[in-house]
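Shown next as structure tokens: one chain only, the form predicted alone.
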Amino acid sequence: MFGGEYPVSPEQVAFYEENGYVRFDNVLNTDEVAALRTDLAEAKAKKNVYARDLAGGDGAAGGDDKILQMLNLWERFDSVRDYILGGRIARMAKALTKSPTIHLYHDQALIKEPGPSAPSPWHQDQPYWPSKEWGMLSCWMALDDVTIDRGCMQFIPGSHKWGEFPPISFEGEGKALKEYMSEEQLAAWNPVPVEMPAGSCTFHHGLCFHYTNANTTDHVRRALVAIFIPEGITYAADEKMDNPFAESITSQKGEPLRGTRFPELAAETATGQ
């Protein structure tokens, strides 16, 4: 499982470049989705990885998470490892960025259970990453059918061209992203929800504005995100906020962003770290 190719058309590359996001249907089959769901369930039960409630609660200890985030499952769970190192989605990222190489930054499971779930605020990803240049991107893989009510991804097309904004708190404190925007940008505010079945995904640029609603249904919403580093991205060091992988970064400021936990993802399998 998790090998093989998924074609990326020139039209999809052009859509990504213009809008900052793009959708792909049926990237994973039902067996692959089931295997990843099993790994996420085990990770959630054990929580022996970096886990926290992004919405600021103490659910990582008590099980009442509003937005459960678990990082780097690929290091401990076989199916997630095969999914990441199998290279299918990495090659899609390579095609979208036209990069000669792709490295993993990290994966993260994002789970919104019914009831206690919270919305994820409108934000960009780039402010939270230790990269100086813009160009890193994320693959957001749906492991459940996602709708607006269940918390599908929503994007502002073209917002990746607006530059980098300050980081936004997920705990409902501080300014909202709209408070930093110009009148022209506010006039272009036209959210596009991307509802899709399990096994489908979106890729989005690190500067693209995005949001997910609270899960107001009776069903769990599970997503597995993989973040990729294309060629030409360097380490910003003390110019950016702290990140969970700082101790594993081997680069000096201004050097290509590399680390002991950032494997290079090549044509078919990982070639090393």
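Residue indices: 1-based, along the sequence shown. Fair warning: this is a prediction, and the values are worked out from it, not measured in the lab.
Just so you know, the form predicted together with a small molecule exists too; it's not on screen, but the next bit is about it.
* To do: With the small molecule left out here, work out from 158-166, 75-83, 122-130, 178-186 which stretch has heavy atoms within 4.5 Å of it in the model of the complex.
  => Every other range fails; the passing one is 122-130.
* Partner contact for Met196 in the model of the complex: the small molecule, 4.5 angstroms, heavy atom -> Heavy-atom contact with the small molecule at 4.5 Å: absent for Met196.
* Should Thr212 be counted as a contact of the small molecule in the model of the complex, where contact means heavy atoms within 4.5 Å? -> Because a heavy atom of Thr212 falls inside 4.5 Å of the small molecule in the model of the complex, the answer is yes.
* Report whether the minimum heavy atom distance between Phe203 and the small molecule in the model of the complex is within 4.5 Å. => Although the small molecule is absent here, Phe203 would stay clear of it in the model of the complex, with no heavy atoms inside 4.5 Å.
* To do: May I ask you to state whether Val49 is within 4.5 Å of the small molecule in the model of the complex, using heavy atom distances?
  => No.
* Exactly one of Leu96, Met136, Ile89, Met153 has a non-hydrogen atom within 4.5 Å of the small molecule in the model of the complex; which residue is it? -> Selected residue: Met153.
* Asked: Of Val33, Ala43, Val225, Ala236, which residue is found within 4.5 angstroms of the small molecule in the model of the complex when only non-hydrogen atoms are counted?
  -> Selected residue: Val225.
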